[in-house]
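Take a look at this single chain, the form predicted on its own, given in structure tokens.
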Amino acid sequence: MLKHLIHTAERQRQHPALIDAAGIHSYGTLLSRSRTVAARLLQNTEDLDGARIGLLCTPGLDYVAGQWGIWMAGGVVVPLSPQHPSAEWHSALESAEAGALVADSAHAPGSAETARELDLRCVASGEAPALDPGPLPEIRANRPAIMLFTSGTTSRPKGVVTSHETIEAQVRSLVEAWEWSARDRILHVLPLHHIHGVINVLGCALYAGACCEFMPFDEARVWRRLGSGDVSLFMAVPTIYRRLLRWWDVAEDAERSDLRAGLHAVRLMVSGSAALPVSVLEAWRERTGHTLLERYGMTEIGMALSNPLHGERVPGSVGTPLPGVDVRVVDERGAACPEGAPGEIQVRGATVFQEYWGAPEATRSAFDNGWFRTGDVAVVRDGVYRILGRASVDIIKTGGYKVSALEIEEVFREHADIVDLAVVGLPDEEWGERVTAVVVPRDGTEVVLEPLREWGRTRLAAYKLPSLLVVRAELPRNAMGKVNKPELIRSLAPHSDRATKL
């Protein structure tokens, strides 16, 4: 990966690579700043030799120069979120057994304190006189490159170690499928400690020699950039698309008309990291003329499935396997599932991660004869995959039936009085698990169980209808907008007697 990035940057040194709050930065500037970071990290050593290095920077030039500089010096990048409290930085660095921390000036006080607590060297990624790192180590393709932590929605976060060659395989698959080129400019509003922002957006853009424009998320600013005619790609999570739709619906007609004209320059809009409700896809298409492309992936495997760049995008589906990725669906015995039967998605190929850091047993148990066990359940019809949910929290076993929580959520999101909801299974002596709807009502409305069930009867089989109802002001979510269902279930279990029951 690094060799290709450097080659691309050398070939087009004057081409804009990054845009951030400080301005436009060329590939030549990025190379120079990266080599300075590498020189600071190496000091009198020849090679970091796989040392884990924390990276704490605001999205922009400092972050990317830090990432490339760590790689040039032979280190493994451990991205940290500027939005997280210092306790989470401390935990991640300690888990990774980090050897140093690269930080920008905006995070100097907090990073310095964290570095002191862990006895780490703190290295600045910001602007300074260029330093000559001297001869840089050879970075072999199979060297570890990055450690990203799983979201923690199903268990304690694990450090996922991915090599340079694996990152390159993940990126090349998307560059081919989504036809990236040096002419592209992508608007980047996602965090840089998750695979969506690091690989799908930043990694693909720089691999293709394109330009990546960073912007903190703000509905009005994002819409105006998307409608400017300058942006060709945009990727976000469903929560962001919902927020953008709410802004659009209260905007002035004249502004919406101006934005629609500029949106013709955007050739691709992608949604991922959480299930995209069909209602959001349809609302987005109605307002903008763009059909969002939904795909499927995870930290351990990169992206595995995608709706097509050209051709029909099936609402509620995640498409077909991406180039270079093998995907299968198997039952509980490991046998291939027939068409239309639910089973676990398993993935193998060059895009799959190396190991969970410091957890050899967890790494071994994650594989089935070379196939990574995703824990996600899907059905396949005519070669197209539809995700039913996580085997552990989204598949509810009630009265002998296996029910998809995501299917039920999709239906009840259409209810006029529901702003947000999650469907989970709560333990029950008679039913095994009871289908439980946790809803956030629209302001000024009341959601009641029996009318809710009555509304759903024409849309779902009776055994799929919620038999428990809990009303909440909000749902717990992680940084990528996914509902943290294990946390939600833990919070509900002691109080399930207070739920509205059938």
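Predicted model, so just to flag it, every value in this text is computed and none were measured. Residue numbers run from 1 along the displayed sequence.
This next part talks about the form predicted together with a small molecule, which is not shown.
- Contact annotation: of the candidates H194, R313, H164, R225, the single residue with a non-hydrogen atom within 4.5 angstroms of the small molecule in the predicted complex is H194.
- Residue in contact with the small molecule in the predicted complex (any heavy atom within 4.5 Å), chosen from A366, L190, L292, V77: L190.
- The stretch among 250 to 258, 350 to 358, 67 to 75, 393 to 401 whose residues place heavy atoms within 4.5 Å of the small molecule in the predicted complex is 393 to 401.
- Using a 4.5 angstroms limit between non-hydrogen atoms, Y463 touches the small molecule in the predicted complex.
- Contact check for T320: no non-hydrogen atom falls within 4.5 Å of the small molecule in the predicted complex.
- Interface membership of T299, defined by any non-hydrogen atom within 4.5 Å of the small molecule in the predicted complex, is confirmed.
- At a distance threshold of 4.5 angstroms between non-hydrogen atoms, T36 is out of contact with the small molecule in the predicted complex.
- For the marked spot (S232, V270 and S306), a heavy atom within 4.5 Å of the small molecule in the predicted complex is absent from each of the three residues.
- Look at G456 and R242: in the predicted complex their Cα atoms move 3 Å or more farther apart than in this form.
- Whereas the displayed form keeps them at a certain spacing, the CA atoms of P277 and G432 lie at least 3 angstroms closer in the predicted complex.
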